[in-house]
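Let's start with one chain on its own, the form predicted alone, as structure tokens.
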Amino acid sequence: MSAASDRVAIIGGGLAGSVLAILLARRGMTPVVVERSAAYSSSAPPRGRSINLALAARGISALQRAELLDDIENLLIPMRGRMLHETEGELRFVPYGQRRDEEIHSVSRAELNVTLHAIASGRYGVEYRFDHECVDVDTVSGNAVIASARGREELAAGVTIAADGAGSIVRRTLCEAGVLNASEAPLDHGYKEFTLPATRDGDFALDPNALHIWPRGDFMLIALPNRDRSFTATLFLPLEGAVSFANVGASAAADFFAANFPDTVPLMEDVEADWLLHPTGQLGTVHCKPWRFRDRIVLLGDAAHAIVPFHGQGMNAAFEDCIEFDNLVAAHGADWNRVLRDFEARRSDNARAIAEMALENYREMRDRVRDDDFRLRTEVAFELERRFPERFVPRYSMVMFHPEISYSEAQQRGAAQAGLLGELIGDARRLEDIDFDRAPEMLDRVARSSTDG
């Protein structure tokens, strides 16, 4: 590799940017990370970003590949399922999977950022330029133009990788130049965060090994545990309408929580203060094509394919992007034309699939989890997995716990499974009423249709 070709500009020093920088540094390249924020602090997340994230098998696999998992394991809190909170206070635990290792992990975005930056800069010598912002892209040279207190400069590099999130400046600049097309599909729901502090005894106020959900039809509250034994609760609510952020303000927040999430009221210190402290966040899906400009610039992670957070896969999908990019660099070195072309080809269908499944999962989390039909389908799916583990894996498990199965394959197999479950269940209302002797022939039929497709 020439000195010019192995210098890589990474725009965005968030989670994906740091993991990618580490992977490329391990390949002998010279990453330079441009980050608009000041040097990271573990006390606060980057502006405008949610505090908690869910790390699942795909992200764990990527961190293992980068030899980072041992460094961050102490930041993780395992969550083995959903704890559903009904309006009257009834609790119902729904496990994510059937095996002990089928769990996801709550992790602080800020703490993970700090740790990854420390490893990248300290262990691998990666250069970070904090308080620097990408303000333009030169479509002739392919270099990013960055600005700081000292002025503007063009950052020369063999390739520029945009890992600058859903609001990517690089993506928007390339769109304005007419070299790629992108759309941002906003969700008609927003979010606002609240804190459920530790008890007076310094313990968790709720079960720490569950993701807590208060499903209420068109809206919901969730809560994830933190290492200081507090919980971060997030309210997802329509932006407009009778019950919405437009009509529920800080002065009405306490009454709103008392009416819809009464068991949280004794656990919260000041709902109105939290309401005022935390802005209403926006949610949406980014669709972009192509992801690259010639052999000079490529979008990665949320910059290319931001998704809504309801499958807990945004970070995990971005980490998978990093691994795929690293695989291609291992195979082709600094042949950036081939690396960038193959990267988009391998990841674009998967990005589309998880974006669609994330939207579907929102409807499931806020509403369908309460239905008897949904509960029976979940029970039947688990039973099929127990009886035919080599032939049936529930779609949720494929997404969350099987990184060897791509997102697009999980979506395709999940669609076939939905038909199978509907046919197998028929008019049954209990697991005991299901004729599982019919299942082998039905599984054979699904397998044949997948092969034919």
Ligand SMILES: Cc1cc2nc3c(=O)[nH]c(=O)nc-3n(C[C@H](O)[C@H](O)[C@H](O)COP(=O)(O)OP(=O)(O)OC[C@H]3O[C@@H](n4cnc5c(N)ncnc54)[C@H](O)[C@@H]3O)c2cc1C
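As the structure is a prediction and not an experimental result, all values here were calculated from the model. The first residue of the shown sequence is 1; numbering continues from there.
Below, we turn to the form predicted in complex with the ligand, even though it does not appear here.
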TL;DR on 272-280, 308-316, 82-90, 350-358: the one with heavy atoms within 4.5 Å of the ligand in the predicted complex is 308-316
With the partner omitted here, the residue among M398, L68, L420, A54 that in the predicted complex has a heavy atom within 4.5 Å of the ligand is A54
Heavy atom within 4.5 Å of the ligand in the predicted complex, from candidates S61, S37, S408, T30, belongs to S37
Does the ligand come within 4.5 Å of any heavy atom of D302 in the predicted complex? yes
Test of understanding: in the predicted complex, would H132 fall inside 4.5 Å of the ligand by heavy atoms? yes
Y191, heavy atom within 4.5 angstroms of the ligand in the predicted complex: yes
Could you tell me if R109 has a non-hydrogen atom within 4.5 Å of the ligand in the predicted complex? yes
Which residues, if any, of 13-29 lie within 4.5 Å of the ligand in the predicted complex when only heavy atoms count? G13, G14, L15, A16, G17
